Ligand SMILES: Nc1ncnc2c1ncn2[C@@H]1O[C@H](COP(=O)(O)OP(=O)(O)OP(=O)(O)O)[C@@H](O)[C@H]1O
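Just the one chain here, the form predicted alone, laid out as structure tokens.
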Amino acid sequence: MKKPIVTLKDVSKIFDNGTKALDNINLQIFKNETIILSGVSGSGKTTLIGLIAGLDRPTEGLVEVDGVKISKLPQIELDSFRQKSVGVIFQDFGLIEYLTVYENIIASLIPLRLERDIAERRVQEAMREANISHKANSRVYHLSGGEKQRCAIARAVVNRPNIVICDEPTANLDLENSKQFIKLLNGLKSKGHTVIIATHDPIFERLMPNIRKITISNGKIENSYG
């Protein structure tokens, strides 16, 4: 039997204002799966990927990622785990505008304290994988939306994480750049990454093969198929 790379058991998330963002979520995601988390704004999908990424903690329940019960980790260990095991591509890219593409990517490796030649090799590989090597020395504020997205992909994979998480990744892209982005995601899957995408953009279902779609409504999993 395959062992899941992500397990959520009886997970709920209640914010300080009393809003229940997630309500008793049970979910398993397996290695090399592509998962689409679908739902309207406010449905809970962004909260869910935040828990999987270790950016937040559940109010109740267990979150286990890559064999580690991350919901139980002290904060310093959680930060270390996230840096090594999960790559996140944010909706607004989350890049440092005044740094170059190269600097944005290599900054993700600083906490790992790698030897310089190893870090350099990883950055070059990540830029090639994301097709952004030609912009290595360009400052982010000079990039187009599609180029920023490719830089964000390179930064997300430079640590060689098993899991890549995307939050509404095509929200700021036109159709052609969205297609290019999905092509890059398919490349990540072919190299063994598990890809989790929170989106309501139907283009992913059309252009990504063998996906599993999970619909979230009012903090609950409404259906799952694929």
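Bear in mind the structure is a predicted one, so any value in this text is a computation, not a measurement. One-based numbering along the sequence shown.
As for the form predicted together with this ligand, it is not shown, yet the points below apply to it.
You can rule out all but one of 153-161, 189-197, 39-47, 59-67: in the predicted bound form, only 39-47 has residues with a heavy atom within 4.5 Å of this ligand.
By the criterion of a heavy atom within 4.5 Å, Glu168 is counted among the residues contacting this ligand in the predicted bound form. Taking the partner from elsewhere, Ala21 is found to have a heavy atom lying within 4.5 Å of this ligand in the predicted bound form.
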